[in-house]
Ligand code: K1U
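Here you get one chain, nothing else, as structure tokens; it is the form predicted alone.
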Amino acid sequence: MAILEILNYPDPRLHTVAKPIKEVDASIRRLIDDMAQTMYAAPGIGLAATQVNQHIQLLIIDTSEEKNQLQVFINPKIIEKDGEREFEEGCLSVPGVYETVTRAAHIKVEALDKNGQTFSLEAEGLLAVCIQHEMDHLLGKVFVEYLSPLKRNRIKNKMLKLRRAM
């Protein structure tokens, strides 16, 4: 397993739309393991393949306190959503920035698991927010794009300044 480099906003590669995964094979499972190690080390609770410059429809989530309940979503699709909820979000691609975003309160998602088996899951609360946040990455969207242009520009400038300081 390896820790992968996480792309930071406003890297243009974060705006790449991910392609569906045709076959869940050993290389996909290896990427899942590397992404999990990367997410836990960061530390974070969700990571989309787009964030590690792999533009395929894969995301992982672990909202457990113990960090031992990794959930894998391959080619995820939201098939139901209702309600609205505001939630303070952060992102491994936008380190140190937390802003309130409005998302669906309850969702139902269909995806493939690590073994390529289809499953569906109903989610609310933090898990629902996390799934929607990570799925946005697969569409080439970063959570700061839900914010006002003024806030988004401030965050962009802050991130560029941090990159120059490295």
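Start at 1 and count along the sequence shown; that's the residue number. Small disclaimer: the values here were computed from a predicted structure and weren't measured.
One more form of this protein exists, namely the form predicted in complex with the ligand; it is left out here, but the text below deals with it.
The putative spot formed by 4, 38 and 50 is not touched by the ligand in the model of the complex; no residue has a non-hydrogen atom within 4.5 angstroms of it. Within this chain, residue 45 lines the site of the ligand in the model of the complex, having a heavy atom no more than 4.5 Å away. The ligand is not drawn, but in the model of the complex it has no heavy atom within 4.5 Å of residue 74. The closest heavy atom approach of residue 134 to the ligand in the model of the complex falls within 4.5 Å. Among heavy atoms of residue 138, none comes within 4.5 Å of the ligand in the model of the complex.
Taking a 4.5 Å heavy atom cutoff to the ligand in the model of the complex, the contact residue among 107, 31, 130, 111 is 130.
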